[in-house]
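As a starting point, one isolated chain is supplied in structure tokens, in the form predicted on its own.
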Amino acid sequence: MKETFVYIGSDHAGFDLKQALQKHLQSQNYKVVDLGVFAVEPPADYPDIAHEVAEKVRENHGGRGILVCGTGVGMCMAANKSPGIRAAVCESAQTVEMSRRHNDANILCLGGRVLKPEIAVQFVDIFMKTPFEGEERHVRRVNKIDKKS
């Protein structure tokens, strides 16, 4: 069975949640690659981390990414600038599940200032375990997204 790589990153606002998510993913036997930040200080620019995680996900077909900033929005905006990336900022279990089933999201963006760690862990589990449905209509739509990247 092929190992699933998870590329994870945060800015200073998402650092504590990133650390908790990394520990959880490792306990689930995922190969986690932490791309920073590695401390709360000095404050970091989230686009730098988002672009690095997006690049690794793009290079490693089948890999997934998790980005954490204050709200998840900035990381999501930055990651989606990379070709082939379909990042989703999610604030409910249903949006996480549908981002995978219908949109084949490959990066999950979360808010360290808006989500409790136990909820974020639940979202990560859903993100990692939910397959892309691959129905013709979803494939067609995802292809249209990727065409504009």
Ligand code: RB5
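Counting begins at 1, following the sequence as shown. As the structure is a computational prediction, the values presented were derived from the model and not from experiment.
This protein has a second form, the form predicted in complex with the named molecule, left out of what is shown; the following refers to that one.
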property	result
The single option of Lys31, Lys81, Arg113, His102 touching the named molecule in the predicted complex, heavy atom within 4.5 Å	Arg113
Region of this chain that lies against the named molecule in the predicted complex, out of 117-125, 89-97, 22-30, 62-70 [heavy atom, 4.5 Å]	62-70
Contact test in the predicted complex: Leu17 vs the named molecule, heavy atoms, 4.5 Å	no
Partner contacts in the predicted complex for 7-36 (non-hydrogen atom within 4.5 angstroms of the named molecule)	Asp11, His12, Ala13
